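So this first bit is one chain, no partners, the form predicted on its own, shown in structure tokens.
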């Protein structure tokens, strides 16, 4: 199986390191991204999804550190490399060329003082992919066209504030794709977009992955995005993976109460408009330490064992893993 994996997180832990204490925010997760597949990482805000993604690119905030595990990257050119051990200069060579990222809010990710075409072209020149100015500009215009921007030659000279939210997100995708990376990390790529533009952006990511033999890791809290886009999904809660499965299997047979709660929160045509299912309570503070299951205080299906023993992540079927005493027949 490892030969087919592009990226593998092995027992990855990320912590906020302070002067007086170390606070774990990603707790020993395993995550696999096969070549040519789209993998989803889903969960509520504050569950550690973005920190997991940023650890891959080594762009964690100054107070955060990878404190355990490894990030194995496999390519024909470099073989097997642990990204967690690379120095900053070595990692920067891979970011943008082999691994690219689309951030959650394009307006704060784009430089307001640069025309969008020049920002995309800068990626080519910094990584030495294309130093000829005219050829670089032509490649940028071609990429703008590929991501569905009308009149790309005209939009090349546009400023970020002149574009709509959907157009800015397409610019961010063009910037990520310009060096033809092997892995695209999309962190909440459709959060600020309306449903029509959201569908277009999701379709675009799927098409780019298929046409460029590229893998993708999609970070989201939206189960609808997962069902539309992903091949396999990891459900994350309070820094741990609580369930993972192929998308169809997860939707047809959700085993963890948290996963069932997320799926039940999706409104359906014909539902009572006066009632929308929610998961009781909120994601606990990361500073709180639970002797038992992290989800037990919000779970309506708990048993005595949940409060004093942490469940292990166990395979219940082909490629389907769950971390729950009740689901495992305890």
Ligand SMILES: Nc1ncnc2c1ncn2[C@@H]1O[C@H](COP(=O)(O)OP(=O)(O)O)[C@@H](O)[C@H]1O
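The model shown is predicted, which means the values in this text are computed figures rather than measured ones. Residue numbers count along the first chain shown, from 1.
Another form exists, predicted together with the ligand; not displayed. Remarks below refer to it.
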Inset, instruction - Consider residue 68 of the chain shown here, and say whether it contacts the ligand in the predicted bound form, taking contact as heavy atoms within 4.5 Å. - result: no
Inset, instruction - With heavy atoms only and a cut-off of 4.5 Å, decide whether residue 57 touches the ligand in the predicted bound form. - result: no
Inset, instruction - Although the ligand is absent from this view, report whether residue 25 comes within 4.5 Å of it in the predicted bound form, heavy atoms only. - result: yes
Inset, instruction - Please check if residue 46 has a heavy atom lying within 4.5 Å of any heavy atom of the ligand in the predicted bound form. - result: yes
Inset, instruction - Quick one: find which of 38-46, 288-296, 259-267, 301-309 has residues within 4.5 Å of the ligand in the predicted bound form by heavy atom distance. - result: 38-46
Legend entry - Contact check for 233, 247 and 321 against the ligand in the predicted bound form, heavy atom at 4.5 Å: no
Inset, instruction - Heavy atoms within 4.5 Å of the ligand in the predicted bound form is the criterion; list the residues of 288-322 that meet it. - result: none
